[in-house]
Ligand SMILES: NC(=O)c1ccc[n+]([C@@H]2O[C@H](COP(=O)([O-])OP(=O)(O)OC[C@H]3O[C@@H](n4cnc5c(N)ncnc54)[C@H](O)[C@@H]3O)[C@@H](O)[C@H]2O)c1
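Okay, here we've got a single chain as structure tokens, the form predicted alone, with questions on binding and movement later.
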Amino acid sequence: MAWKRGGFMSIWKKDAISVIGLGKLGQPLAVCFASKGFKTVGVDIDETVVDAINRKQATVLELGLQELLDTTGNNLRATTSFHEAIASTDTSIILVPTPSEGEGNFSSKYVEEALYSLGKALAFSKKSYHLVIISSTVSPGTIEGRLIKLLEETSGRRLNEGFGLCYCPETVALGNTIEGFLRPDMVMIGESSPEAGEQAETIYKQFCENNPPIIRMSLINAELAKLALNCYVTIKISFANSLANLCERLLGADVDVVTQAIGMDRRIGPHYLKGGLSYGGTCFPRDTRAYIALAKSVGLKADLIEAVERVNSWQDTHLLEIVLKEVERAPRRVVSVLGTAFKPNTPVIVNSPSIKLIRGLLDAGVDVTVYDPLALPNTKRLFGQRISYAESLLTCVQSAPVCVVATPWPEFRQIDETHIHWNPTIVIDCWRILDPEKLGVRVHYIPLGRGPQTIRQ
């Protein structure tokens, strides 16, 4: 039976949601739905994750997640059974990883595995209709090219008759996922039919706390919009970084003053317009590669995005050159690196500029000590005994005559002359978060993105 006003809508369990995938994004999403009163079933193939969620223990380090999970009461349960998800809910949201393939396209392997299992469960179900929402990022053309056919074949049902399908890509940032899910700037809905889109819109209107704009469109346009969104953000980041590089070579120039000014223009805006290190994480580097691969697949060159990738790569080279130059002036070839996560409020070190810096320093024969409030376990798994790990900010700063503030964690702002041991100590502030007046006379302060006249010699 197709979804019809007054038909399926009258019996649709709109307050019940199943979330497929309880990883870095799926777990916060499931908790957010449960916190809003939805009867939520989380599905994951990892039994340890399922058991932890059922004990009300978050397995993802995310700001406010454990506290929100504690408030969910009986609204959230986890399982490994896709049959339970189909039986208990009429809407399933798939949010699993889609890493890069060799050519740069998104791998839909885990999405396909989830759809296969959902389809098999649907095939055994007597319900007439089920809505599937894909939130994982996929390459444009994937849903209509492969995924719909897969779900039809495994479920024995036809699109818009036995099931509906929407693409509602997440637009949240690690370290701020709860805020991003509950109060998004907007919600994109790619729909297989107006009825499926209306059902998805009803869910998000009930779920979101800030009444965001909801934009409904075709599946291909939603796929392309998600990819374009992230790639455009990388353009802003790289422009701010290239501007910071210019400022370093101009007397008295300060990238923060310049970006604050141009960010006031509504054609530009202030967000993601801060000169600093290269962008990293699990999304931006993957998305630029996917955009380039997409352009190539249709006979085009993505010149602008290729330039963005070159700028981003050069930022890593530029930082390493600066640090190595200062190491040559220092009494010992030791560098302390403050922050290994690719951004604050997350333990994720994937594509982190700090990690690339550490590798470059090790290759140059430099000893490294690191500190990060959340990411040390992941860093230890990567480097093992090749580097040293400080237990506190103070210990890390005092361990080396060259100190790099690589991740702008709020607690790093407290660094002052009481943290200084070496005379001199060279402090390279990649995000200009420190107050040089508080560092004392023993510090040679180097803020990236500022011209020579603004550096206290």
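Each residue number is its position in the shown sequence, starting from 1. Small disclaimer: the values here were computed from a predicted structure and weren't measured.
The protein also exists as the form predicted in complex with the ligand; that form is not presented, and the subsequent description refers to it.
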query = Exactly one of 32, 43, 396, 415 has a non-hydrogen atom within 4.5 Å of the ligand in the predicted bound form; which residue is it?
reply = 43
remark   = in the predicted bound form, the residue from 315, 137, 336, 354 with a non-hydrogen atom within 4.5 Å of the ligand is 137
query = Quick one: does residue 89 come within 4.5 Å of the ligand in the predicted bound form, counting heavy atoms only?
reply = no
inquiry  = Since only the chain is shown here, I'm wondering whether residue 226 would be in contact with the ligand in the predicted bound form (any heavy atom pair within 4.5 Å).
reply    = yes
task = Check whether residue 113 has any heavy atom within 4.5 Å of a heavy atom of the ligand in the predicted bound form, and answer yes or no.
result = yes
task = Answer for residue 82 alone: is it within 4.5 Å of the ligand in the predicted bound form, judged on heavy atom distances?
result = yes
inquiry  = Which is the contacting stretch out of 155 to 163, 70 to 78, 281 to 289, 265 to 273, given heavy atoms within 4.5 Å of the ligand in the predicted bound form?
reply    = 281 to 289
remark   = Near the ligand in the predicted bound form, with a heavy atom at 4.5 Å or closer, the residues from 84 to 119 are 95, 96, 97, 98, 110, 113, 114
